[in-house]
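Read the single chain below, which is given as structure tokens and is the form predicted on its own.
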């Protein structure tokens, strides 16, 4: 398991992908639990299973198909990750961040990150969308960061600024699309935990108290790598379940996947609308 990757290793993966796909992606899209169906909308796709790429972390979780889909979506050249890897699967943070590094070397300028998240804000219901306006990097605050190790000076600074992790202009485009398409789009703060256990009621009351609106086990490591390399980010959470603040209900992964079926069409509409406006 690698704690960090060199530029040459990252380029090895990028060159392999470049040899299989003639299209050079401008937009990278990472699809979360139960949201992989969005990749079906990509036109003339080149499909590369994750297990055919060196160093690339292979998804082991149900609801993550584990393949790259490269093609066109709304006239934009895109590179879609149909599924992702998580720290809790046993991968290092460097491995979790590797796909974004490869995207950067392939020329991706904009990263769209999606996830299925628990709604900590009591106003949120399963099936809702939340525009991520900021995040709480609890997993990173404890030292688990994909930027640990020698800094890749060719890509970004040793101490990257995270004050605008989610691009203001892209957020505004998402708001415009939501208004035009009559989509309910909440806005809020996403908090990343290590997982894989779902949170206790006390955990959730604490997270609500420090300002979290939605909670999940992904996204923030990829956003951290993206911003280190100067890639603009748009983040959207699909609310898969209500927070169990009083311990009265159980949360299951099946519930998360089921909510994804309701979330995916709305998410596709939102992403397609943003891509059309780029």
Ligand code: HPA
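Owing to the predicted nature of the structure, the values given are computational and were not obtained by experimental measurement. Numbering follows the first chain given and starts at 1.
The same protein also has a form predicted in complex with the ligand, omitted here; what follows describes it.
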- request: Have a look at 128-136, 115-123, 154-162, 172-180 and name the one stretch with heavy atoms inside 4.5 Å of the ligand in the model of the complex.
  value: 115-123
message: Within 4.5 Å of the ligand in the model of the complex - does that hold for a heavy atom of every one of 92, 98 and 222?
response: no
message: Contact with the ligand in the model of the complex for residue 251, defined as at least one heavy atom pair within 4.5 Å: yes or no?
response: yes
message: Is it the case that residue 256, even though its partner is missing from this view, gets within 4.5 Å of the ligand in the model of the complex, heavy atoms only?
response: yes
query: Would residue 237 show up as a contact with the ligand in the model of the complex if we use heavy atoms at 4.5 Å?
result: no
- request: Evaluate residue 36 for contact with the ligand in the model of the complex, applying a 4.5 angstroms cut-off between non-hydrogen atoms, and reply yes or no.
  value: no
- request: Would you kindly say which of 69, 215, 233, 27 lies with a heavy atom within 4.5 Å of the ligand in the model of the complex?
  value: 215
